[in-house]
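Heads up, what comes next is one protein chain in two forms, each shown on its own as structure tokens, labelled structure 1 and structure 2.
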Structure 1
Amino acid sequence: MATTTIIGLIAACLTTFAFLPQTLQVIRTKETKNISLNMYIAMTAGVILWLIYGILLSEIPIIIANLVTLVFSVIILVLKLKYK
């Protein structure tokens, strides 16, 4: 595996799983008043575009990272709308 791919996978893991604590907290507490709806709408749209970009380039680190981030981001976004 190329060094650049390894660096990409490590970066992908770190930035992707940075969303995990927030996702778990929102699921557990159902508290979303301090979460910006506009930020999560923009974030989710950006992640979708990054995912498309990764697919077009066939870049596994970009695809995996953004697929997982999309799941976390959508969960938070849906719960933000549900518990608004």
Structure 2
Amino acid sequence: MATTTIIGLIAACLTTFAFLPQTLQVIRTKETKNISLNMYIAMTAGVILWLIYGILLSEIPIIIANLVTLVFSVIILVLKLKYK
């Protein structure tokens, strides 16, 4: 596999799973005061559009990466609205 592709795959994993520790922290602490509601509204809307984009192009990596990010983003958004 080309070095560029490997760098891209590691980059995709890091920026996708970056949301995992934030999701776990919100579930554990039930505290969301310092988390921006507008960030997670924009992120959730953006990731849904990336998902539609991936489906229209039939690009499995775009679909999978954004499905995973969508799960984290929706959980954080719902808990932000619940615990605000």
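Nothing here was measured: the structure is a model prediction, and the numbers come from that model. When a residue number appears, read it as a position in the sequence of structure 1, where counting begins at 1. Take the two forms, find the largest set of C-alpha atoms that superpose within 1.5 Å, and that set is the rigid core. Only residues modelled in both forms are compared.
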>> Between the pair I just shared, point out the form predicted together with a further copy of the same chain.
In response: 2
> Relative to the superposed rigid core, which consecutive-residue segments of length 3 or more display CA displacements of 2 Å or more between the two structures?
Replying inline: 1-12
